[in-house]
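Only one chain is given next, in structure tokens, and it is the form predicted on its own.
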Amino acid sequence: MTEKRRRRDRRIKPVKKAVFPVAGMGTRFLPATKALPKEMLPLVDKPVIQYVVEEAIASGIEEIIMITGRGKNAIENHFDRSIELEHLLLQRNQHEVLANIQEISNMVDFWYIRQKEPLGLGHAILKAKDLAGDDPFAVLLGDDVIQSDDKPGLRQLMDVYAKIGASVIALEEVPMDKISSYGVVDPEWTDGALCKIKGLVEKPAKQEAPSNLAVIGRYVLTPSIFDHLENVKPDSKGEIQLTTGLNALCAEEPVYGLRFTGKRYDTGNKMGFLVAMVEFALRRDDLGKEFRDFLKNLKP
């Protein structure tokens, strides 16, 4: 192999694909999610999943792979064209609304893969192996909506990957009394916002947590993760856990964590969803002032 070929092979591939595991049942929001996917719950006037898709696109993602399940057709329909609706809006001269609707379907290329059984996050990501191929890829969890005025949350991870060519996981400092609700990293060393990860622990007890750095729903992963996920044995629930695959990856190649800048909203629980609803509404130019006045005058 020539030196020129060696240099070309060592080049870090750009991250252009993103995997969205959206097959979850959304039981925390029943009965609202009995017929409506939790990802389609509206945050003001857009479904939660659209905010996350927009973050991916703003970060430079060109292909999105949705891992769906039963009852998730509404997600696919939302990002597809609706000829009847477009025709109706055109007839009514609602051109601005029409442009917004058409923009949704023209955002990016979407691929859909059905996860027939809810066998864990690791299993969902493994379903994307053939489409992701040998390229690095991002993973975005639809429950976590990140508001950043500077640089999109995923883009921050992608910039780190572009420099070091290794997997990067989004981290957030979490109070120790809440740490048992998260996957937690065991850092080998920390340098500012970046750390090298020695291993991960899933939902540790407070006294057993290796740090206060919790894993948030953004990842940039090398394709090596697929080999490890294929070797993960199902847990007691029959699920393939991503954390187990990441621990195996850490033992083979460097994996880093990044404390991103921005605010993360956990829309996967009711309180987090309500907080996101209020704060996103307050930021709106068309709603913020009126809504703020309403909240000030609200009587208990």
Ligand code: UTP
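Residue numbers run from 1 along the displayed sequence. Since the model is a prediction, treat every value here as computed from it, not as a measurement.
Only in words, not in the display: the form predicted in complex with ligand UTP, which the text now covers.
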Assert contact_stretch over 228-236, 245-253, 53-61, 31-39 against ligand UTP in the model of the complex, heavy atom within 4.5 Å, equals 31-39
Going by heavy atom distances of 4.5 angstroms or less, which of V97, L119, M107, L131 would be at the interface with ligand UTP in the model of the complex?
L119
Please pick, from A138, L213, L200, A124, the one residue with any non-hydrogen atom lying within 4.5 angstroms of ligand UTP in the model of the complex.
A124
Heavy atom of L287 within 4.5 Å of ligand UTP in the model of the complex
no
Considering only heavy atoms, tell me if G142 and ligand UTP come within 4.5 Å of each other in the model of the complex.
yes
P47: touches ligand UTP in the model of the complex, heavy atom cutoff 4.5 angstroms:
no
Does the 4.5 Å heavy atom contact test between V278 and ligand UTP in the model of the complex come out positive?
no
Between 212-228 and ligand UTP in the model of the complex, list the residues on our side with a heavy atom within 4.5 Å.
none
